[in-house]
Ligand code: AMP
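The chain below stands alone and is given as structure tokens, in the form predicted on its own.
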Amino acid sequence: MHENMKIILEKIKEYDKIIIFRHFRPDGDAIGSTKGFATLLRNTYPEKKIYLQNNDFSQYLAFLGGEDELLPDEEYADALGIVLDTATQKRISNQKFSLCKELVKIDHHIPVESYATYEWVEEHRSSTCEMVAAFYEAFQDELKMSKEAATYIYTGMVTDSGRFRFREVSGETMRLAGLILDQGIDTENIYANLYLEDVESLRFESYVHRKMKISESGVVSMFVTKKMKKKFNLSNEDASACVSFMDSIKGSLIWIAFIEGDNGEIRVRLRSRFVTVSELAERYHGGGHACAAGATVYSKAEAKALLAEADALLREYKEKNEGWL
């Protein structure tokens, strides 16, 4: 058990009001961990006021339901803030987190910034939802799980682990997933909502396969322009998902999606097998996990420079290692 888990539980018991936060542009883990943790605490402490306070939304994960209406500023002053799945302050969706009396950070990203009074960070975990499951396991004599909370938690575990395929998945991950599955959740419904695609999405995937580029060393990349997003009726979230369309090509251990934004910025999604790309992302205004990271560039020239660095990184990896596919 991490040394701060008990401290966090005691802080939760101490406060009558708890406000929960996550990162902006939320993925399954961000939404699953916050909604799952909030529901777990509401089940256990019905007398407490527990709120989810975030400033954006994910259409892809709308099946998990919405969040609470935003509170006036004065409601934060006597609250314990809990930020999940967020490595740095600037990525927190609702910047009013700083108004809370005390702050807790629960995260599985590579630690690059300490910003909370109490922090529980385990970068080896496959997801923050796995950590929420571990929190429940550690204190299950006190905490009250439910089918609803388990649905949120399992969804985040599935999405952030690549359906339990990524390198961070361990025996502990699977044991905790089993503990959550024991709540009787509807996995068929979860997977249908996550992975069924409409016809336009499939057409866009086909388009990506036709237009993607492969560098000399094997980096696969796709540049999604504003024109493409309009043509295929894509949100930024939909466009970013195209990085997963390029993940199964032999010899291509790094794949990158560049998503042109509306204000001159270009969002970058980096994924890899075996090769660490988080340090590359950090050099371009980003960061993340070893094999799944995000960045931002502000011109096509900067995008080209990032791609050249990725190509050099992959070339060096292939020269020094064997056994990759």
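Every value quoted in this text rests on a predicted model; they were computed, and no experiment measured them. Residues carry their position along the shown sequence, with the first being 1.
Omitted from view is the form predicted together with this ligand, to which the following refers.
The partner is absent here, but in the model of the complex a heavy atom of 295, alone among 40, 256, 277, 295, sits within 4.5 Å of this ligand. This chain lacks the partner; the member of 91, 229, 96, 125 within 4.5 angstroms of this ligand in the model of the complex by a non-hydrogen atom is 91. In short, of 47-55, 32-40, 60-68, 267-275 it is 267-275 that has heavy atoms within 4.5 Å of this ligand in the model of the complex.
For the candidate spot formed by 11, 13 and 144, no residue has a non-hydrogen atom within 4.5 angstroms of this ligand in the model of the complex. Contacts with this ligand in the model of the complex, taken as any heavy atom within 4.5 Å, map within 97-128 to 109 alone.
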